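Shown next are two forms of a single protein chain, provided one at a time as structure tokens under the names structure 1 and structure 2.
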Structure 1
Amino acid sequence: MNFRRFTALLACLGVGIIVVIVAFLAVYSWPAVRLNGWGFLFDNSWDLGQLYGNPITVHGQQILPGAHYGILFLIVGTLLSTLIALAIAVPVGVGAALFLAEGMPPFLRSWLSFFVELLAAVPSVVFGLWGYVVVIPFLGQRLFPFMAKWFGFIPFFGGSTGSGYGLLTAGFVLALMIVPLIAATLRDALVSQPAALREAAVALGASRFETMRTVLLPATRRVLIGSSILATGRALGETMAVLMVSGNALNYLPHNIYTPISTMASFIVSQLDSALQDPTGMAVRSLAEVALVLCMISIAVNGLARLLLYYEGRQRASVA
């Protein structure tokens, strides 16, 4: 009984930490919430105002003259870069997991799996520096012009390609950072599947590819959904790597896949120093409101994942 209580306490600890963090952000950012209202989510303008001007009172709050806070461009940049990262990382991660679990000789599987998992341990600033030195010149000078020339007829793929900083670059770097989470987790699930499943599929005449597609992947669907949600959380909250390759766009929405962007996490880091110069403190509280919105998005994504897992479990139970 004591062990059960101890493990229950540990389980509740994580929930308590999340509640405390969200409560702190809500309380600290409440003056900004009252000032900005719903326009904070739908306005496309972030302006700290006249830093050396005399503060004025708006809706009962002290702010600098000309100050205005809107984060629509941050929400769009965050969601689009995460979607691009998932669109790249999920197929690559699934393919890598299948290859490591089913296509590799057992004596090589552990070594290659080790190197795949090692990618998850690389600090994000290293990915950012690699992206700045290698990825940006390659994409900006070679791949982006090629894509604009041959795929420009596709919406969001045409137009100016810029210098390499932008939405697709950020999504590509994020994808490389989250592939190990998907590949390693799914590989472990595939390896742990009973050998009888493979043998039964082969006995029915299925090829190795058909066995993976029709038997093993459906059996590990819940693991794939869970690992994808973990990867989504990593992509939503990534800061330094995105800050170094996204272009740090301010106050405009991306018009194509090559456009510079800003994400909420990277914007908080890039703007914190300037926000601290605001004597009213409203700029920092507005950044805390950005963090609160990011937390709400992460919670919503995880809640959606739980619903998917719930309905998937009910569907499998009804079939059984």
Structure 2
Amino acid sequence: MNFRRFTALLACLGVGIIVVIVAFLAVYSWPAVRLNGWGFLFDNSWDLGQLYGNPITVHGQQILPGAHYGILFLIVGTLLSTLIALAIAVPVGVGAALFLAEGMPPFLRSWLSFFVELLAAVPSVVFGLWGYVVVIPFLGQRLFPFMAKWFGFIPFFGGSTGSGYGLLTAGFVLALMIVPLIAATLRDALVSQPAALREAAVALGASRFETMRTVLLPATRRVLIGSSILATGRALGETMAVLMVSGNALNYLPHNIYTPISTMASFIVSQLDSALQDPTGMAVRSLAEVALVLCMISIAVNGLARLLLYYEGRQRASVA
């Protein structure tokens, strides 16, 4: 076997694990998929049933009496927290990228960018610790009551603000975790735009900021969209930080932006212990179905982002 074939084989063995992961999750959760049907995605009840009852047979599967698995609240929690994170992260990321790319002399740019990008290196559980120890008391006791009082007229901003664990806190922490992704990618794209674009805009009388807003940002639009989708993928799958600040609600749909939630990723961590109490094993298989759904969503989101960035790269390569 020559060297080329050898590296190809090792490489396939390595990255092929993703196929194995999806296949194993699918096979393992298949009884749960059969049992739960579409109700899994659209019902709002996760109930292990009577843990000490005799297992009954439904659709040929042994389950505990009263057991029902529906994860609508997880899907809603995951999507809403990601949406809030994006709503914060995209404008902040664009602003920071513009500031770093155009408002800084190059020698400062490199180190300030690095400082911001360090946010991406901080482990998720450290974000969780920070959120749990300082952000939640601050938001729950100071900012949320203030917001509910003065901005309560906006839909979903009013009502009880709870203890600080919840949707908005999770969204805020997630936003900080994904912002460096957006800011760094966009900054690189802005810096690498051809100088002629900038010069043309300035020659037409545009100020520096107008140049950025009307020429550079539209030119890097696809990079912004691609990196935002990548960031979405990361926010959807984020586990530890969300687990520590979201309040881990069960079977509960949020009624305002302060309500405790759970996400699919954090639910897998928080529920495995109790799912193991189920002697029929159906609860663990249903958790595997949660993991499968999460995995599929992440793959779809990432594939979309890569496709966009890939076409952007090919376009730029053909221009150059």
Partner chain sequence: MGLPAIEIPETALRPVSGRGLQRRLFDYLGWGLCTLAFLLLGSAMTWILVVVFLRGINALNFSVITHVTEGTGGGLLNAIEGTLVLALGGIMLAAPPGLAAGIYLAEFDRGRLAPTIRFLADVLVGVPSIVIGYFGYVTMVVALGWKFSVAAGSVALAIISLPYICRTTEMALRQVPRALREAAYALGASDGRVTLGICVPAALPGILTGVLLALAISVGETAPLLYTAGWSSYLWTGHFTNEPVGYLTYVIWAFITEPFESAHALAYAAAFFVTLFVLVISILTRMVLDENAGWRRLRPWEKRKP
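Numbering for residues begins at 1 and runs along the sequence of structure 1. Between two forms, the rigid core is defined as the largest C-alpha subset superposing within 1.5 Å. Bear in mind the structure is a predicted one, so any value in this text is a computation, not a measurement.
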Q: Please state whether structure 1 or structure 2 is the form predicted together with the partner chain.
A: 2
Q: Classify residue 295 as shifted (yes) or not shifted (no) between structures 1 and 2, where shifted means its C-alpha moves by 2 Å or more with the rigid core superposed.
A: yes
Q. For residue 305, what C-alpha shift in Å results between structures 1 and 2 following superposition on the rigid core?
A. 5.3
Q) If the rigid core is lined up, how many Å does the C-alpha atom of residue 24 shift between structures 1 and 2? A) 2.5
